[in-house]
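There is one chain below, alone, in structure tokens, taken in the form predicted on its own.
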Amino acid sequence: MRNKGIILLIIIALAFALVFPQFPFVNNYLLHVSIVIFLHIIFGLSWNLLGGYTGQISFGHAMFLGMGAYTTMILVTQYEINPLTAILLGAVFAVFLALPVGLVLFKLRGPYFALGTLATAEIIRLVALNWSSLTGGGVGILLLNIPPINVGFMEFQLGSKESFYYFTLLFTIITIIVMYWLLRRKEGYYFLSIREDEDASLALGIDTRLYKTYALLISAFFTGISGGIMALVVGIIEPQTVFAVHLSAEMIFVAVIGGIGTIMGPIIGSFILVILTEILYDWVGTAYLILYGLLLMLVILYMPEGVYGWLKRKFLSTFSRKEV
């Protein structure tokens, strides 16, 4: 009965998302906010796979987002490659970056791993900033025209907010489906086992370093996709924005506030944080990150399982009382 209710809610949410741009009150601003929410869901779920399910807290995930963004922009602006191909190649390059990062940093544990990711991300940012012949340095890369996306006989032109809305929604749905599928496979249970007790997992014969690297590569792939889409949406990138520490922080915030270690958590967290940012940014500017921190502390203190966990607990207790 409960599963049928969840499936019905998913169908309603999907149908609403598909028709949302057609409502008369929807303007470009609302479409832009929706696109930002979708991007947060993609990179929030990606970070959550490594940090929430595998227990490897990364403070430097923006390096994968930046790699995806720069690869996409370079391929599109300098080689006029199909944007879809460029985004996927950007994600592959993010995986190439993640592989040595994982091989080196997974020798560390806990806070040492977290600080290692932060330091690596800063090194990558400085490399991008100083490699001006490739990245444009501090000036960055400006996208003037987006080539059409050709898939078989079909052609799709990105450019309008509505086209980006549906494009980002498609990747959001794909990310959710892949995460759901992966976490119900053997690998998903290994991730949870490593998070709960890495030494015990090792004693049971699980190659913890292999599965941590596996989680990191998948996480980097989808984070790279979000970076590629973000670059095309914004139209200009520079190292200070796509490799910024605050992007890594936002990935953590959407997962922790929504509900770390769950699929629904980063989805709910993305809606909360993006809408809050839109409301608060005009009042306090970039100081909204301080308010993020305060919100994070309140959630940890009063809702340690996140907003989704709190809502789920309340719903279940109400449902149980009705059944009694």
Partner chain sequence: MNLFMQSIIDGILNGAIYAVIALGLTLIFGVMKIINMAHGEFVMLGMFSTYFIYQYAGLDPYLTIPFTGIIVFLFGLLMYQFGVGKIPGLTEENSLLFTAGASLFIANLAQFLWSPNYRRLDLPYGVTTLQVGDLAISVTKIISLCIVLVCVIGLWYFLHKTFVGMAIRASSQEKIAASLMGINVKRIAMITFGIGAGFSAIAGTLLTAEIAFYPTVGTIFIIKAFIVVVLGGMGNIPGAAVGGIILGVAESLGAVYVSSGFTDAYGLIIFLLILLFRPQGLLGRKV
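Residue numbers count along the first chain shown, from 1. None of the values given here were measured: they were computed from a predicted structure.
Beyond what is shown, the protein has a form predicted in complex with its partner chain; the following relates to that form.
- The partner is not drawn, yet in the predicted bound form one stretch among 221 to 229, 247 to 255, 163 to 171, 197 to 205 has residues with heavy atoms inside 4.5 Å of its partner chain: 247 to 255.
- Interface residue remark: Y79 is not counted as part of the site for its partner chain in the predicted bound form, having no heavy atom within 4.5 Å.
- When contacts are judged by a 4.5 Å heavy atom cut-off, V104 counts as touching its partner chain in the predicted bound form.
- Mapping the unseen interface onto this chain, G138 falls outside it, with no heavy atom inside 4.5 Å of its partner chain in the predicted bound form.
- Contact check for T120: a non-hydrogen atom falls within 4.5 Å of its partner chain in the predicted bound form.
- Interface residue among L115, V92, L84, L182, judged by heavy atoms within 4.5 Å of its partner chain in the predicted bound form: L115.
- For the partner-free chain shown, G55, I57, F59 of 55 to 80 come within 4.5 angstroms of its partner chain in the predicted bound form, judged by any non-hydrogen atom.
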